[in-house]
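First, one chain by itself: the form predicted on its own, in structure tokens.
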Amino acid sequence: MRRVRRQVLLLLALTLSLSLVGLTGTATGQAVKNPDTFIQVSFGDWDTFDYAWAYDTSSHTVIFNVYEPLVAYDGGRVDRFVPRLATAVPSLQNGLVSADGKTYTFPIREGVKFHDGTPMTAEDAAYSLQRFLMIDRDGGPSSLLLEPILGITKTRDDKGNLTLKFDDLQRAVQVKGNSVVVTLKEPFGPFLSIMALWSNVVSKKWATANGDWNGTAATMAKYNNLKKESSAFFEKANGTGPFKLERWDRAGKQVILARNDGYWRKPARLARVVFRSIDEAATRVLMLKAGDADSIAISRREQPQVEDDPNIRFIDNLPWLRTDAFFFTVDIDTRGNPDVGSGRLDGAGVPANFFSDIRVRRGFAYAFDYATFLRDAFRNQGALPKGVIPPGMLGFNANQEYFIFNREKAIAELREAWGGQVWERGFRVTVLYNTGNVPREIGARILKDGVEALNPKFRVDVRGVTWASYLAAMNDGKLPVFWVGWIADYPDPHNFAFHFLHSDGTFPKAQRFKNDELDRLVVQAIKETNRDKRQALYFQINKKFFELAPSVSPVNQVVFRVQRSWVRGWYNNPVFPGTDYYTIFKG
């Protein structure tokens, strides 16, 4: 999903001045093919355009260009903010943050219109935040703001009943004059960092007219954890951003954005932005070379095909806070599931609880050839990891013991798994990746080879799944072993610790994984105000991540971007999703 950095994280926002050599002209002797249109080609489709439901890179590529937050990151800084739909960034100095650090006041900008021409109001901003908190779909982003604002990480009990009270929503997010006032449960240091990406404003009137939540207590339960297709924002959009959603062409696997000529700031120079999805890397490379794409997503394996082309700019070593991992589902939904074989530990499949045995997980972890993965998937551009927290972030421990490729240890773990039954009977299971993601496919096959080499009774299949289907199956507990990456939502280690290890986090929910000690440590760490004590807690968390192995991080990759040399105005911003692959057109 997403994440960001901290420190001197060189994150530079892509500005509205992005252009293709002045929209006319040539570059390196070549005329720009589509001078008023930016064409971005990647792999993977889009999940939804609902700002409160989406939690994947592809979807946010559209959302972050169509909608706008109250405050935003300031150019290349992740520790400084600028106003966006608010007219000021709250602080103690300007009186917009209370002395106790709990109350934030956001004065709402006047004169801003939604894409349908209706004025944006403070009521829209408050509604948008309340809806974000209330939707709270399984595996979604709502916990990002639920935790600081309401002091909770979920809105339902274990039986799925809504526990969130409307009065609590109303007290926490209020309209006062032309301002939105947000009151936190307790002071929360990264709060503005979260708001800079997750406080997008939508039209309450438009949402209600299109059948979405009307902002009342009576209809809350209907929209809490709603199915994505039931949202008014699933395939439609009505924001205030520099681009409007013109069309989502599912059959053609593309999304088209058109310039918002009524934008409250200076309108974008580009008339259109086209996002296309093509799984085959070779086709994407050919499109870039021919000028039919302005920027594409490729893996390190395709790097030699573009890095020496004078018409293509190869931008390497981009800062990006990210952790990649392969995950184990400890309570697999085996109903009609082709990826678990027979559904029993009989040599022809695996039972639902196969990966609940820590020795199975650790056996798989030791069977993976990390050095080969780094070489084959990333051409040795990266480093072997030390756990869940990325290098350079508070809590990263360079001395942490972590998994290495060790056949003897893998055998020892799996011989003991399930009382020796795994070794005696064998198993068959599928490792899954999202189609078009070459490094993940390579990793899945390396894992297959490593595990199968331990015992002739072990069978591992590898299967690619389209992105939207992949996410749905992941959240439904259908994927026994799956690959996915996490980009920082905001520059704090809690964002990694919570979503990888806390039982209410995105991945543990999908994996059906829960450990009471980890839950306690994650909560304790975010509440700790002493930096040294907080770091010590994250060291403990990272150690437990290694011991329990709910997931395994195989690499800290170095990312890059490729684009035509005629592209002007692009800057790296590691706080946005997929900066190496995608373009964000807001300033």
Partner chain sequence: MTTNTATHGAVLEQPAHPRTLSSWQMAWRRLRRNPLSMLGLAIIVTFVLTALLAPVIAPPKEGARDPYMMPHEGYSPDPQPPRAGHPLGTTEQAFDIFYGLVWGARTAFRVGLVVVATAVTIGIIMGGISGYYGGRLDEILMRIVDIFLAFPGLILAVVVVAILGPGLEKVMIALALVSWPGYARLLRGEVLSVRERDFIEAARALGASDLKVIARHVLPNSIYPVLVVSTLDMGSIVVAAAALSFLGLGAPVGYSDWGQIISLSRGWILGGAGNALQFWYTVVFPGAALFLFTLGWNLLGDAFRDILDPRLRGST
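Just so we're clear, the structure is a prediction, and the values are computed from it rather than from any experiment. Rigid core (definition): largest C-alpha set, two forms, superposition within 1.5 Å. Positions refer to the first chain, counted from 1.
Beyond the structure shown, there is the form predicted in complex with the partner chain, which is absent from this document and is the topic of what follows.
| field | One stretch from 298-306, 358-366, 415-423, 91-99 that, in the model of the complex, holds residues within 4.5 Å of the partner chain by heavy atom | value | That would be stretch 298-306.
By the heavy atom within 4.5 Å rule, which residue out of 121, 183, 381, 466 makes contact with the partner chain in the model of the complex? Filtering the options by heavy-atom distance leaves 466.
Taking the partner chain in the model of the complex as the reference, which of 205, 445, 344, 265 has a non-hydrogen atom within 4.5 Å? Spelling it out, the residue with a heavy atom inside the cut-off is 445.
Requested in this report: May I ask you to check whether residue 459 falls inside a 4.5 Å heavy atom distance of the partner chain in the model of the complex?
Outcome: Yes, residue 459 lies within 4.5 Å of the partner chain in the model of the complex.
| 4.5 Å heavy atom contact, residue 285 to the partner chain in the model of the complex | So residue 285 counts as contacting the partner chain.
>> Within 4.5 Å, heavy atoms only: does residue 339 come near the partner chain in the model of the complex?
In response: No, residue 339 sits far enough from the partner chain in the model of the complex that none of its heavy atoms falls within 4.5 Å.
Practice item. Consider residue 258 of the chain shown here, and say whether it contacts the partner chain in the model of the complex, taking contact as heavy atoms within 4.5 Å. Key: Contact check for residue 258: no, nothing within 4.5 Å of the partner chain in the model of the complex.
Sequence-ordered residues of 214-228 touching the partner chain in the model of the complex, heavy atom within 4.5 Å
If the 4.5 Å heavy-atom criterion is applied to the partner chain in the model of the complex, 214-228 yields nothing.
task = Superpose the two forms on their rigid core, then report whether the C-alpha of residue 462 is displaced by 2 angstroms or more between this form and the one not shown.
result = Residue 462: C-alpha displaced by 2 Å or more between this form and the one not shown.
Fill in: Rigid-core frame, C-alpha of residue 128, shift of 2 angstroms or more between this form and the one not shown
No.
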